[in-house]
Ligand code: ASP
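This document starts with one chain, in the form predicted on its own, laid out as structure tokens.
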């Protein structure tokens, strides 16, 4: 992939070399994300952060990543806070806001909306989630986390055993991650969900065509034994026709300390794209695992900043300039990592 000046709209744009290039640059970003060093390489550049669907981690981490490279961030949140609520088209919005920005990050509830926006944009656009469709940067940060976590146990993505749990039908993070896994080899993928929330067949077919073993079950215990990675997801209630329908599936595949201790191997890594649902009777990943050293969910979110810094640096073609615009920090920095 030629990253410079281009959109990032789908995981289908990436091959393994592209992914490794992003990971290589993400590794370079670690001292900047750790606040050991400051760079102003994007001083004067503007990010248009356009989130027309609720977000915490993705929105803030994209903004943080751009700030850490020295750029400025302008945000639009929710449709009702924009002229889209007045009937303005995505085309007009794209033409206008891309004139104000050097790069745009966009999330929207409708599948294909970000691609439609990008066609009219005059600057690069990154897809931060379009409905239940795709979430490319989440897949990259998940895969980066998987690579790093497995490496501590002498393992690699090739040949790993991963279990995906929960709402696999509507979870765009799962959809994007699964598509990236097709670029690797000899993976055993266990899918644990209610039959009504099963992973769509096109993703299962893609895994099998790539030579991976796929096991489907509606029993949690069947899939979490002998797994290197547990990837737990919440019920995507915003994708259901009614709250009552979504509530039927909440909490039925809850992973907690007792279940983990009884069924999982000692080094099984626990991941979650977040937010995890902590409401009573809805929990998907219990807080009693918070002190478990194999809980990687916060390392996952930290890695999101590194990946998004890497994407900005590649798209805006400043990777080779970062160190020339760097200096040591001059304030107290808490240990975050």
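Residue numbers count along the first chain shown, from 1. No experiment lies behind these values; they were computed from the predicted model shown.
Here the subject shifts to the form predicted together with ligand ASP, a form of this protein not shown in this document.
Contact with ligand ASP in the predicted complex, judged as any non-hydrogen atom within 4.5 angstroms, is confined among 291-299, 64-72, 267-275, 32-40 to 267-275. This chain is displayed alone, yet in the predicted complex one of 212, 234, 175, 108 has a heavy atom within 4.5 Å of ligand ASP; that residue is 234. Residues of 130-162 that come within 4.5 Å of ligand ASP in the predicted complex, judged by any heavy atom, reduce to 135 alone.
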